[in-house]
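Taking the form predicted on its own, here's one chain by itself in structure tokens.
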């Protein structure tokens, strides 16, 4: 199982041991190896003090990543490895970082300070696996369990609450009862954690294989960073097209889209505005007119609050805003317009979201999958034929319009868009001659 540990990682252990120190692979890389996954990086813990590590790796590129906390980054064969001295953490007054770090602790102390048992194992070529807290058994049983007292672990670092949910999703694992109780009762501590760190964990959670299950199981916890999610639990949509509660519908949509950040975020947020838009007709059927706009605005506020990058925010907002567009009678021209307005990548994600949304509804009353498949087919034909759908594909540009007499300014862009509409609707061909002739006619009309 550990036979595939790369030579550069083994070399780092060998160098430390050659200088008389203990050294182990530790944490996530050990967990991943036991699961048969290839680790993204390799970390080492050792009883060598920082200055001793620096001397041991003399001649290698080094960066003092966190030297006062005992961490040194070393490059071996062009690979970065983080090496950290055994340590014992002091109190965590801010709920995120230790007030003090005691270096030179024992191996057990170093493992005991870690978050979950599955991350508290280490390995060395000579001694094999070191598992003091039952991490391997928990990994086999797909159990997320804090090392020691869960409440103490979460008071030390509240981000571990989200990390517990993230590992439950990514590993399709269950959180053991004591850890689960602490996750639920201490969720408010997440307010101490930076928005950026919460966003990273949320993204990883949503891209996990059990994201939908975790979203359904912990709406009140997630509501701390996703205000509005909690009220979706048990919310009966009271509409014959919907056979699931709002939260269950949302969770099913999350699971049904590809595990990519933008698509999973859009799936999670696409219906958050429904409770605010609910109206009832005389037959007792609920309607949610305008919920796409309300949901889109809520998505923007939530994602900007979590400090997601602008491109992600805009992509998610566009998907949420367009997810309820009626596609029953969309023509090739209409599809080309949407491709031009959204871009092919976003348009493809929209189709994926709409399919997932439909799969999570009462398909006996409304099954749009065949129409969506037809749209996918038409889009593919558009791309294969290179049929124009955006301004950059026109055979003329703004300079050409100025050359025939248009004044620089907004009118140039407006005319180009009108010409694109004419091409999309097959009223003129996308040739330089036809476009310039049409532009001259438009000039006469204005």
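Computed from a prediction, not measured in an experiment: that's the story for all the values here. Numbering follows the first chain given and starts at 1.
Although it is not shown, the form predicted in complex with adenosine-5'-triphosphate is what the next lines describe.
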Using a 4.5 Å heavy atom cut-off, indicate which stretch of 111-119, 350-358, 207-215, 241-249 touches adenosine-5'-triphosphate in the predicted bound form.
111-119
Can residue 392 be called a contact residue for adenosine-5'-triphosphate in the predicted bound form at 4.5 Å between heavy atoms?
no
Taking 4.5 angstroms as the cut-off for heavy atoms, does residue 264 touch adenosine-5'-triphosphate in the predicted bound form?
no
Is there a non-hydrogen atom of residue 163 within 4.5 angstroms of a non-hydrogen atom of adenosine-5'-triphosphate in the predicted bound form?
yes
Just checking whether residue 197 would be counted as a contact of adenosine-5'-triphosphate in the predicted bound form - the rule being heavy atoms within 4.5 angstroms.
yes
273, 309 and 314: each with a heavy atom within 4.5 Å of adenosine-5'-triphosphate in the predicted bound form?
no
Since exactly one of 40, 380, 51, 386 fits, which has a heavy atom within 4.5 Å of adenosine-5'-triphosphate in the predicted bound form?
40
Going by heavy atoms, what in 15-42 lies within 4.5 angstroms of adenosine-5'-triphosphate in the predicted bound form?
27, 28, 31, 32, 40, 41
